[in-house]
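Heads up, the chain below is alone and in the form predicted alone; it's given as structure tokens.
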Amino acid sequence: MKGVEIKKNLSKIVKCKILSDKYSRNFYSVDSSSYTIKPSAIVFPRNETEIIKIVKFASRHHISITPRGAGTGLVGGALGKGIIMDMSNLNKIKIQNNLVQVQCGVFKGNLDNILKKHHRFLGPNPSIGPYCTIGGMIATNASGRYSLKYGSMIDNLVQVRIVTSNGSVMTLPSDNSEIKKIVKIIPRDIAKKFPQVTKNSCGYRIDRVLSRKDTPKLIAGSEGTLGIIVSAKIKTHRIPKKIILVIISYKTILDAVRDASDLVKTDPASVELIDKHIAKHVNIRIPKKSGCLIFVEFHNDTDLEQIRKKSTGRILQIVTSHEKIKKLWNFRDAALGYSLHSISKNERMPTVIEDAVVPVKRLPMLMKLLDILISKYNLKIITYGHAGNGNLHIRPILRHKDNKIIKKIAQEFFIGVIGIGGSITGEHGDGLARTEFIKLQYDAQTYAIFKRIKKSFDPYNIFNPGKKISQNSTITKNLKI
């Protein structure tokens, strides 16, 4: 069904805004990834009732629905050919002691401002934080720099309300008979088949579902493939009274990651790395031979002498001013933007291998894997990210436009990451970039359970098809660069 027809038919069912013009379709054909897919129509439901009506319409006519928050995702998860469902109208917030009940379209920046008045904050804190939505953060199992201490969305998600593909509403945890069946098919020892890392957004997180109470965790990282997220209850945390930021310089990234596992033992809230391409923008004096900086933040009193003992780098600053700490973190949060400054007109930086996570002690092995790829494919690499979690954002800069090379690099890199006990995505999700490689990450039995879960929640396969479960190769098909 063409966009004009979708708009005409849906307008008889719902009163919300519906767009199918060329400009709007072009606008929603991109997100923050390297991909482009033009949708047929865009809908802006105002409430749960309208979502249900739209979903039932799409199911009857076999039209796909891709839910979209702010479009800040990096792997094409918010792109689709059918209906894009813009969730921005669902923006209610309700504070409940150490929880917050929030609708999916709420921007994290707005939530942060409200929570601050209650001396609370949300643990997961992506660098794009103020501009992403809570629904998108749940869909990708977002983490950010404080996940060392406060976990990812999956660790903070208490309850989630979704609309399934038959138009019914489900609040997880649930006593629904289908949910009970899903819990039963998950082997008790399934966690052994998952990488032993501190964060993971690859596949469905069945390793965290031990009972009915854990079923909200199925939605964390599901990328809109199981249902339309309407609202959620999420844990919040008290804002720490004391914050200390330690900035350490290292000659090489390898030196820095060798220290990472020891630095984690000092109970930090964050251990973040930025390479020299990004560090040169930070407004502090940095040694000329510095290859990278490590930011270590503490949310309690800490023995700074332990930091000196465990770090082989040079401590540049110890900062206790909340305002100055915030300004310094702004440089780290702008790492993606700074990395783009390193690209010339004839180069490109597709976001396909940028989110690997490995056990922290094996970060040196990840760097050796990168060295092999750099030498083999003549790459320039920009690196930053969550060293304390073993989750580095690795951005290769290519000097030619050969999509076959992109897929070869990705496959070799992912096989290497899996081989050292890691996951192909720590917090950004699978999307178009990595869905086809999920079968490399997990064995056939685990992938078969993924398929059964997808079919249970979405028997009509209308929710964000081609993500998480797919037989097709999508890594280069819709690349726009």
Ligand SMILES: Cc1cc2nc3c(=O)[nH]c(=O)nc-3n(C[C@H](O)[C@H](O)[C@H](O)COP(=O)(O)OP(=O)(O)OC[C@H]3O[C@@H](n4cnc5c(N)ncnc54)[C@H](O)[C@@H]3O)c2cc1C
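It should be emphasised that the depicted structure is a prediction, and the values quoted were computed from it without experimental measurement. Just count from 1 along the sequence shown to find any residue number.
Missing here is the form predicted together with this ligand; even so, the following discussion is about that form.
Note on the partner interface in the predicted bound form: the residue among Ala70, Ile453, Ile42, Ile52 having a heavy atom within 4.5 angstroms of this ligand is Ala70. Residue in contact with this ligand in the predicted bound form (any heavy atom within 4.5 Å), chosen from Ile206, Val296, Cys104, Ile274: Cys104. In the predicted bound form, Ser165 stays away from this ligand, with no heavy atom inside 4.5 Å. Among residues of the shown chain, Gly151 is not one whose heavy atoms approach this ligand to within 4.5 Å in the predicted bound form. Proximity of His386 to this ligand in the predicted bound form falls within the 4.5 Å heavy atom cutoff.
When contacts are judged by a 4.5 Å heavy atom cut-off, Thr66 counts as touching this ligand in the predicted bound form.
Picking from 258-266, 217-225, 287-295, 364-372 the stretch near this ligand in the predicted bound form, with a 4.5 Å limit on heavy atoms, gives 217-225.
Using a 4.5 Å cut-off on any heavy atom, the residues of 140-160 that reach this ligand in the predicted bound form are, in sequence order, Thr140, Ala142, Ser143, Gly144.
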